[in-house]
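Structure 1 and structure 2 below are the same protein chain in two forms, each given by itself as structure tokens.
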Structure 1
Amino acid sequence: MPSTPNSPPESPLSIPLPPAPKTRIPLLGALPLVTKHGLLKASLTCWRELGDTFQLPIGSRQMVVLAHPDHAQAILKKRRKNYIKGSAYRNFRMLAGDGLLTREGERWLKRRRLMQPTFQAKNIHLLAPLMTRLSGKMIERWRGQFGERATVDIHPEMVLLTQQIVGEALFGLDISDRSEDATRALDDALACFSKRGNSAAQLPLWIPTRGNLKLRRALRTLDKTVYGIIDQARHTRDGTQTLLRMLMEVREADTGEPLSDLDLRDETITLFLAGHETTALTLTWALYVLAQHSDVVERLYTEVSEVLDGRLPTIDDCDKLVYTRMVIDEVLRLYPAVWTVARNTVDDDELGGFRIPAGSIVLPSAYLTHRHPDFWPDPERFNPDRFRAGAKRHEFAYYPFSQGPRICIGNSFSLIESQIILATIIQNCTFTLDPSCRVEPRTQITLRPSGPVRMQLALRPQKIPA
């Protein structure tokens, strides 16, 4: 059968497999390399030595890392039917069930069409005031808690704020009270989930290990809480618009049926999980990199002062906070919170002259592509001016939110949120890296700092708006 750009070409066995690191050993593959340096550093080293397409076998898992935008485009767009979300999303499914992020094929398409209108601009406008209010509240708390200056690990602060924002956007719930059952269950579930993600042996949930029992307990409490919130939302009409209420109002195109409680549970947990850590990391990396670029901070402060004149930023200011947005775009280039997406290969394919056998896990990596010297001059340099309006580039040279049909549904929500939070911080604070702060990016599913991002934070005197 002749191949088309949308179907994998026939791949005779004579086509070579991608090169693999020389240091790999039988049975373990590149595991010692990855254990020693971490997946990110190992990938960077292999990329330099082996080129844009290389194998990184880990035990029996055949992983292929890809740095060229053409290959990301083939996997995520042109031949996407050949690349499915398989085992890589097993842990996420355990917590979030059968939500948009993990669905496949027709079931995914149907759900995406149903949910897309929930994220349209007019709904983000409805939710944005809470981003302004909660960012302002964080600054007030910092003033009370830290006085004029303090040394602060900035990442937990960003996680707390983005959790509050997405929690309130979804459920209308103030989740800053960590003693509430809902937040405790979520914290427990997230902690177990993250521990599971890091452990080499992930035993099935029915095996009664201590970790599994704790996770099962947390999931039960979480379910009880989320179903309670859904039930309450069904029976109260206080006019507060939340993502949950918006999702309750959508109807299946073919049957006219609303989403079931189970669907609502899975989608709200999916949005909560996909929607806070990613944005928190983007802001943490932004502050980390800005602390080392005082010229950029100066330009940001000038823009924020001119546009806001002491007011807190709102969604209506975002179009005018052009440089703030360029800074966020550049942070997402150098530190894409989702450093790679993962797919399982259905049929043999060929990418960049190499055979990709069925069953391989392919990792098109935004982190590598965003540093590709053929597409980004002086790629390691932090330079927000790359994102001036009208700059042209390959469709997949920049894809922090992925690209193609499965592009992140929350990308506008997140960009508005990041602009509002960053502008609020720049308006109210100065910050430098604490001399003891030594971090580098580490990968789990997301691109996290290797340790606390300690900053010396000073609060600017409050300006009363004219």
Structure 2
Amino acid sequence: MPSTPNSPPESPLSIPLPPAPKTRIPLLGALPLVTKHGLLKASLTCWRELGDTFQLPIGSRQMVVLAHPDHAQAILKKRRKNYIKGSAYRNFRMLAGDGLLTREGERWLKRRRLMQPTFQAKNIHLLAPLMTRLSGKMIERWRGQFGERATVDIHPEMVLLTQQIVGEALFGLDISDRSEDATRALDDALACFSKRGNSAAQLPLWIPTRGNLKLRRALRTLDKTVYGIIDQARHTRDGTQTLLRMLMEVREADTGEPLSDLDLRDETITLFLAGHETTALTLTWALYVLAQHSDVVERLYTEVSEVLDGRLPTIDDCDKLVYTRMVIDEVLRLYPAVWTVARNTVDDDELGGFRIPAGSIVLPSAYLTHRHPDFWPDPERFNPDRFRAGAKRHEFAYYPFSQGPRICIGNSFSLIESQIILATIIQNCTFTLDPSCRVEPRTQITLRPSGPVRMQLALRPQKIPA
């Protein structure tokens, strides 16, 4: 009897390995293909040629890319103990350290339980007015800075806003004075990690290559920023209970000791990264796509106008802004900020009829799965109506925030934030792509635009609510 995608066979060694691109070269594997086209385009090309399960070896690393929802379900849920964040996260641990994002097993579970209460719905609802206030301040700044019309690179604007929100919401601090240096350092670090991940050999960080020196500078800048946030939080006592202050107050169950400064650093940098980077990218891609779909913008504006009647959105409006949420969901389908996740295979396994050897790095790719024609008709078309209430799909056909027990702890925070910000922008602005704007998705750990997303931004006349 043939094995199913979710149940390993009795003898995995009898099953063939996944196919690999014919252009692979001894010792280098698919590195020339990845170097020429980038990991995303190389994955798309191989997927179309080789099917839902294929090898993409880079040097000595055996990487297996997977596109079927069953694959993601097995790796992230049903057989998750066989797939760990081992050497696949070696580079990223230089940035995130030993925090929630990179921990494993019981140590991860303890930290998740510690942090989970802050992200409960009732607490996110308390943070929503902050999202509304800072979104409104951004529009006021635009009116003063740009006047009625201007050409703007929209991505830095979204980064600045989401950094302000995460700074006040999670740390209780205004971090705008240090955001520019932190953003530049984060960009440099992610670019270096991406380059190292796509290299046949990764030189130790202590070797003074140009790339290593750049990465070390970026990490020093981020450490300085994060330790500064921790120090400022220690000396700010305004009664506001934030996640960072909660972490400062907890005690380890087995020792009774508080978290070390290094523990606080690792969790703070994870929250800083995950708390603004992914939402800023979602909003950037949303405005990029909407600028090319005037019919969707018209429907959005109609909904926002009817629900808000000129006032800024609040948490109570989110359930009424149904089409706004559908648009965000469709943007996340086409442009998931976390386009793939990586795991190390502990024991031999079988996925999609192919053997996955122990030690392989598996890459279930939301970007590919979200475009799978068996689960998404006309998958390249931007169509928010796919997400009408009651639509049924495979549990893992859509997983922009990962899925299973390690689903992103801040997914609800990000979705509400995106909804409030997008509604505020649609309410107050019209926008079209600048004719010179040419961007494509580029993988740099997250899914980023390949260049500036220049838009011709026009501010609508202010409306006084009745």
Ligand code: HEM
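So that the term is clear: the rigid core is the largest set of C-alpha atoms that superpose within 1.5 Å between two forms. Residue positions are counted from 1 along structure 1's sequence. Because the structure is predicted, anything quoted here is derived from the model rather than measured.
Task: Matching structure (the form predicted in complex with the ligand), either 1 or 2 - done: If we ask which form is the one predicted in complex with the ligand, the answer is structure 1.
- [ ] Superpose on the rigid core, then tell me if the C-alpha of Val226 is displaced by 2 angstroms or more between structure 1 and structure 2.
- [x] Indeed, Val226 is displaced by 2 Å or more.
Open item on the list: Could you check, with the core superposed, whether the Cα atom of Asp317 shifts 2 Å or more between structure 1 and structure 2?
Closed with: Asp317 C-alpha, core-superposed: shift of less than 2 Å.
TODO: Look at Asp254 and decide if its Cα position differs by 2 Å or more between structure 1 and structure 2 after superposing on the rigid core.
DONE: Superposed on the core, Asp254 moves its C-alpha 2 Å or more between structure 1 and structure 2.
Open item on the list: Once the core is aligned, what is the C-alpha displacement of Asp266 between structure 1 and structure 2? Give it in Å to one decimal.
Closed with: The alpha-carbon displacement, core-superposed, is 2.6 Å.
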